[in-house]
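This document contains two forms of one protein chain, each encoded as structure tokens and listed individually as structure 1 and structure 2.
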Structure 1
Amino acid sequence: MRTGASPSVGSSEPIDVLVIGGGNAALCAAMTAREAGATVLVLEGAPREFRGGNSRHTRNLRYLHDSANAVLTGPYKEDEFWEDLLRVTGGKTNEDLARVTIRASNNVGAWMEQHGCKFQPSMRGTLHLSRTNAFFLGGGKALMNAYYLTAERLGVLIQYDADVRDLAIVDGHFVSATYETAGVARTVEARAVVVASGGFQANIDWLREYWGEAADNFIIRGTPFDKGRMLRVLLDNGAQSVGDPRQCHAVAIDARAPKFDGGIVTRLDCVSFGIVVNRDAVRFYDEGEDFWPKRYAIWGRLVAQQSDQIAYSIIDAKSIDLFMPSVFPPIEAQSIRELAEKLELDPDLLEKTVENFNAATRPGTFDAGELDDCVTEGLTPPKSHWARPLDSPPFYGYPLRPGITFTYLGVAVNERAQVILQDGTPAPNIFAAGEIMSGNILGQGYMAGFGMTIGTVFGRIAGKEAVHHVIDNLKGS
């Protein structure tokens, strides 16, 4: 193991720690390993402009802290953190690994700041997270910029546009990785590897295995580079899997969003204020079941189950200012009939649906901030809250499609971030961090800023343990 000067790509000496991936987990692993004295090469699949995986779309990180600090308004302790996790996952979590994550996240904000992260206090729209989640000034891309800068300063080698094709794994032992960059295939040997290359949500063919042709109509909210190739390679080489391969975090987003990388701005928060109909102009689910943030994540699946994977949220003038503005303007019309024509729905059917809905609404006191008493009666499916007749022109329509945030399938790991093989033994020099292993801890559901927690904690563990492995091995030889 050489310390001090950093090596160059293509030198004959093997790298100590090879990091595959270029998001939060990958960089946390790379910086940690480099600080421990290892030579580190990061293979990032994206070009420099799109580096950072899905981390570039994130905004905050949830971490354990005993007391308020400059950006967090109060304490967030282990019991509460654990209960929050238990609730969102419905128990689908490995408690040992979950507690490792929670405990190791204690005051991790300080470590992040030492590595260039800049935090800001929560502002207007995000106050509900102001106690538990620390916000990155400028968001996740700014965080990634800071981490890349720090990694470069530390002497971590970074290769962009590096499409890793395969790993040479012999008896559960990593030997080398083959990657392509600018059309040239290269093989790099390393003493340990940290795989932090995300899930497979950008791989439509893979999604099609579970969703059939419906997958063609999915929109991928994040990076187009998360094709899951490393996940596939690890599973094919005998890594144990965790997480339901069929499951993904899917929300209903604006159907006009770009196929990939639309990020935060394509979300629509208007669903609970109106009705949602499918291509046949028929309602299919209770739009007012609960507060939107709590029901946000079921609507992706609901829309995916409709024909052509399309639906339309329809509101009227009473509701247009009640939710966060979104990137595309609503489709606007003076009557339901006109709106149906603009949305290419059957005008008669939509008018009937709206008439039935309006007739079923009961007078109540509308309150967007409460589970109010505006309900429908005798309607199937019902609308349990915020049910007000659609009677005030102009009427607005937003087309919806399923937007995939991430997939849950991953590789099993132990507390040292080592990948677990089919026989239950850990692969000695193969480590995993970030989305590729978060299914161990977040088996289902979603918790704001927790993916970044897992990535940071397990990135650091993987980086540290990879160096331990290299040192132990060199001592032994």
Structure 2
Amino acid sequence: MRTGASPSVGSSEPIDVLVIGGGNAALCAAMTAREAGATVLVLEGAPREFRGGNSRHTRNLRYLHDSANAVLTGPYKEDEFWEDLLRVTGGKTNEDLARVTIRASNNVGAWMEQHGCKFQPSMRGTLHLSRTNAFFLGGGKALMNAYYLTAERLGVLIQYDADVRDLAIVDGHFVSATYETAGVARTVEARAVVVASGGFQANIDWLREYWGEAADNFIIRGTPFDKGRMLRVLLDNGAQSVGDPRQCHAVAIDARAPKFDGGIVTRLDCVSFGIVVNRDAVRFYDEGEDFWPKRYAIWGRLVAQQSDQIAYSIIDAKSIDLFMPSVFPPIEAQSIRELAEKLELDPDLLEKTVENFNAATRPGTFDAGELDDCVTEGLTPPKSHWARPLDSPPFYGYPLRPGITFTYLGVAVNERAQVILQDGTPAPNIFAAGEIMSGNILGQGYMAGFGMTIGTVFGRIAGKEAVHHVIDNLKGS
């Protein structure tokens, strides 16, 4: 290793650590490796203006901490963290890797601040995250800008518009990467590689393999650059796959959102406070099952399973100020019938659905911040909390589509972030971090801020272990 030196592309000596990707996991790996003395090159497929992958659309990170601090209102300890993860995944998680993630996140906010992150007091409203999640001042884009600035100051070389097309892997050992930039093909050799290039959610053809024509109605919340090329290359080169290809972080978002890159502002947080119906004006799931941060990521899949992958969230005037509004205004009407007509639903059917719901609600003490006792009785599906009659005009409707954040099909890794080959052995110098390996931990479901946790923890692990491999390899040569 050329300790203290900055890397250069095209030099006779290989780069120590090549990082493929440009989001949170990639930058955490790059900064960690560089601080350990390695020469580091980051290949980011996006232009500089769109760098950061899905991380630039994030708002917060969930991490372990024993007590309140300047931005968190109380403790969030391992047992509770683990139980929350078990609940959202239904037990579909690799406990060893999940425990590594949880434990290694302990007070990670301090490390993030040392690398340029600034936090703000936790968001108020319906998010219920003031104790568990720290919010980035300026959001994910500000975080990524800070990380890039820190990486550059450390001497990490960053190349944008670098579309990595292939990896040369011989007997499970990484040798070089081929990438295109400005129409020119280039090859870079490295002693170790960290693949942190995301999932395949922006590859509609690949999604269609598992979802059929329904995939054409999916909206991709984040970067259009996550085509899954490196995932495919790793799998073709003998990496062991992990995760269900139909599982993903899928949120119900405003159907009027753009096909790609709409980000966090297109998410709708009103589901808990009203009802959701499909194109037939029929409810299909319990809207009040749990707090929104623990259940919001199931709603994308629920909508995806409906006819034409469309649904409609309906609330009344009592609830319009209880949630963060979408970037798109609601569709407003003075009656349920009028609202149905504006939403192009059958007015008679929607009126009947609302009448049945209203009749099934039982008196209780409404509390937007607690699992209250406002429930339905004798209704299928039930509404477990926050069930109040829709009886106060004006009425509001939002059209919903599945908003895909990232896919869970990925490569298997061990606790050192090494990619596991099909024969069960770890690739000695191939490491993975972030969305491309999140399926090890997220077999299904999601909880707010946890993707950033996985990326931060395994990015740092991958960067550290890549350097350890380089040092050990040079000692043996």
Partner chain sequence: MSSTILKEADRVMTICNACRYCEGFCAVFPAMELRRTFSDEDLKYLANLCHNCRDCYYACQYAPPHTFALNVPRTMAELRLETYREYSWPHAMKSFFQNNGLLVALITALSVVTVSLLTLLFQGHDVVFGTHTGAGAFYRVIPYAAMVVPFMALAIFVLISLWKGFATQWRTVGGTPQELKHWPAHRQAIWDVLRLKYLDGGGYGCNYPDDRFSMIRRYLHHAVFYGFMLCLASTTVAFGYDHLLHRPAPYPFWSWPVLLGTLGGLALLAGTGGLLYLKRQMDRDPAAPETLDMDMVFTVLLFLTSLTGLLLLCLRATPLMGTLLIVHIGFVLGLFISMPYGKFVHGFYRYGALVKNAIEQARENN
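FYI, numbering is relative to structure 1, first residue = 1. Only the largest set of C-alpha atoms that superpose within 1.5 Å between the two forms is called the rigid core. Bear in mind the structure is a predicted one, so any value in this text is a computation, not a measurement.
- Structure 2, not structure 1, is the form predicted alone.
- Superposition on the rigid core between structure 1 and structure 2 places the CA atom of residue 261 less than 2 Å from its counterpart.
- Shown in the overlay between structure 1 and structure 2, fitted on the rigid core, is a CA shift at residue 324 of 2 Å or greater.
- Taking the rigid core as fixed, one finds a CA shift for residue 243 smaller than 2 Å between structure 1 and structure 2.
- Shown is the Cα shift of residue 378 between structure 1 and structure 2 after rigid core superposition, which amounts to 9.1 Å.
- Relative to the superposed core, residue 399 has its Cα moved 3.5 Å between structure 1 and structure 2.
- Core superposition gives residue 281 a CA displacement of 6.4 Å between structure 1 and structure 2.
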